[in-house]
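Shown below, as structure tokens, is a lone chain in the form predicted on its own; questions about how it binds or moves come after it.
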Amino acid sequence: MHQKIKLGIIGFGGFGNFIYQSLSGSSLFEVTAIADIYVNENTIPGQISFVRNWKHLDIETELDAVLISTPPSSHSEIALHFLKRGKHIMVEKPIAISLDEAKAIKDAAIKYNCVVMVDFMQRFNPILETLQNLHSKNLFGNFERYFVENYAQDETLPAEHWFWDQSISGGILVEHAVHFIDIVHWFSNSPKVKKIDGYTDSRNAFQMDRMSLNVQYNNGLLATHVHSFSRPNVFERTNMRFVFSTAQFDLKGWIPEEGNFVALSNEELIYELSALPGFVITKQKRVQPKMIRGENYNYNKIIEGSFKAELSKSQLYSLALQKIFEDFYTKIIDRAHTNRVTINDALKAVEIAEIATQTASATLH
């Protein structure tokens, strides 16, 4: 029987607590210690060691790994502290608020032979997993266009919240958009970047609440990210569009729960598409195959339809977290394992977000 990894959680707010709940009953990890400055000590489960100062965490209890779930500007200091002590690291995105800090974490992970993973849990969403797998079989031709519109709530983000302080959060693109930047790299195998442009709008001098970026890649892919934190909670909406040579997929939810598609197809492709959760064809029409950009595609119909996960948003989130921690565990016990999210993935996402933020800021004057 394998031995459980002893995990400490640094930052027991909403996400840290959700991780704890998602790992309850895990056969791979045991949460043995928690560090948090603000949390009510009475809410900490009795069997778990608790400290206010995260620097005392590894003094109070023996740990194998730590989860860093604190404001982004602290990620680098905490990660370096524990890497020097031989602890493996799972860090909530972003890995750091700058590429230089991210590189320092990578260098320390190599020096001290530790595993570092970033919570890019979107790679473990069942709808995105299936779609990426289908694309990897080259069923839709080239990945040409990605578009995300993320209209998030700010009801829980008062003006004094650290989220609005770019020196702490890194700004919307670094703190939040890295999730979606990474999705593009996952689907496209991290192509080289040709051009990055960032744009921004602020409601006042302290709250930069709308940002966007365009990324042009050398392989012809164009990705557009629009992120706004200015809506009531009940009016949150996120849509993602994946455009391929012979198919288009529109996903709903920042944790995708459902979506629609249109695709040039045949019976073999329909069989492959049926792997999508809740796959339904709502419309189809026979067509004659034609050459597209000099390539022949073996299709004989165009189909439209939908798909939908059976699980709720919170269940999908919890499932993705469990899967990423399983991947984290496998990498710890088997260094030959190639984990789905690498530290280089984390660095690339931060690099693009940082450049776009700098470009956007330059346009303010």
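Here the structure is a predicted model, which is why all the values come from computation and not from measurement. Residues carry their position along the shown sequence, with the first being 1.
Keep in mind that the form predicted in complex with a small molecule is not shown, yet the notes after this line are about it.
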Check: Pick from V116, M208, A223, M121: which residue has any heavy atom within 4.5 angstroms of the small molecule in the predicted complex?
Finding: M121
Check: Among the candidate residues H227, H185, H88, H179, which is the single one with a non-hydrogen atom no more than 4.5 Å from the small molecule in the predicted complex?
Finding: H179
Check: Pick from 22 to 30, 65 to 73, 327 to 335, 305 to 313: which stretch has non-hydrogen atoms within 4.5 Å of the small molecule in the predicted complex?
Finding: 65 to 73
Notebook entry, point to check: Can A320 be called a contact residue for the small molecule in the predicted complex at 4.5 Å between heavy atoms?
Noted result: no
Item checked: V39, heavy atom within 4.5 angstroms of the small molecule in the predicted complex -> yes
Margin query: When the contact criterion is heavy atoms within 4.5 Å, does F82 count as touching the small molecule in the predicted complex?
Written below: no
Check: Taking heavy atoms only, is G171 within 4.5 angstroms of the small molecule in the predicted complex?
Finding: no
